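Heads up, the chain below is alone and in the form predicted on its own; it's given as structure tokens.
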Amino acid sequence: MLRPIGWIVFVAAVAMLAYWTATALIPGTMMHLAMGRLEQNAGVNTMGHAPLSTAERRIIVRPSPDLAYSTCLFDLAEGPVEITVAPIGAPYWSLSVYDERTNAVFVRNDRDANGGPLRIALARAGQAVPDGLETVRLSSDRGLALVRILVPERDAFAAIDTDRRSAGCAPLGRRESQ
């Protein structure tokens, strides 16, 4: 029979184990599930452009109906991947890159870009990238690049959609066709 102090130590140990297990497993599991759903939108190392979300049409949980989403599931196993985003005629847009454990490793928006394009390389340590190309080094092969674009009114979506389709994701040196 455990004494009260023994129960306190036992409960604290179980709580710590549960906390550690949850923090170690949940991010990777959630990203794996999200990437599985998003892969239906576009293949790996390809930029996919989802239609505006509605109550009936959602790829991910709780998307904003005011945002247009373009995504790239990237895999660096074969080498660096290039992400490009040309200026988009919208009040706001951003590019975020997440590693396979949901950590945000890069974030830029249209204000940071000063009206110009964004062009970055995603690479693992030791993978060569051209000099002068902004490079984001990741500790894992897989992850997600996400372009979010504010669509102020549904009528503006067609023009914004045309602009965002110039965004690209491809192995470095092999820009995908438009």
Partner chain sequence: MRLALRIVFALVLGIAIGLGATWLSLRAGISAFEERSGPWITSRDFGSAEAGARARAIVAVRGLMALPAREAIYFNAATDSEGRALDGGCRYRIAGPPLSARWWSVTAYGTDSHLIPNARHAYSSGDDGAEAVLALTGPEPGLGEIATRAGEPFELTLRAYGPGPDLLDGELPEIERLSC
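Numbering follows the first chain given and starts at 1. The term rigid core refers to the maximal set of C-alpha atoms that superpose within 1.5 Å between the two forms. Just so it is clear, the structure is predicted and the values come from calculations on it, not from any experiment.
Heads up, the form predicted together with its partner chain isn't pictured, but that's what we're talking about next.
Student: Between L118, L67, V136, V129, only one gets a heavy atom within 4.5 angstroms of its partner chain in the predicted bound form; which residue is that?
Tutor: Only one option qualifies, and that one is L67.
Student: A42, A50, A123, L150: which sits within 4.5 Å of its partner chain in the predicted bound form by any heavy atom?
Tutor: Contact residue from the list: L150.
Student: May I ask you to check whether N109 falls inside a 4.5 Å heavy atom distance of its partner chain in the predicted bound form?
Tutor: N109: yes, in contact with its partner chain in the predicted bound form.
Student: If you check in the predicted bound form, is A104 within 4.5 Å of its partner chain, heavy atoms only?
Tutor: A104: yes, in contact with its partner chain in the predicted bound form.
Student: How about T54 - does it come within 4.5 Å of its partner chain in the predicted bound form, if we only consider non-hydrogen atoms?
Tutor: Contact check for T54: yes, within 4.5 Å of its partner chain in the predicted bound form.
Student: Would S94 show up as a contact with its partner chain in the predicted bound form if we use heavy atoms at 4.5 Å?
Tutor: Answer yes; at least one heavy atom of S94 falls within 4.5 Å of its partner chain in the predicted bound form.
Student: For a quick check, can you give me the residues of 11-33 that have a heavy atom within 4.5 Å of its partner chain in the predicted bound form?
Tutor: Contacting residues: V11, V14, A15, A18, Y19, W20, A22, T23, I26, P27, M30, M31.
Student: Quick check: A15 between the shown form and the other one - does its CA shift reach 2 Å or more after fitting the rigid core?
Tutor: A15: C-alpha displaced by 2 Å or more between the shown form and the other one.
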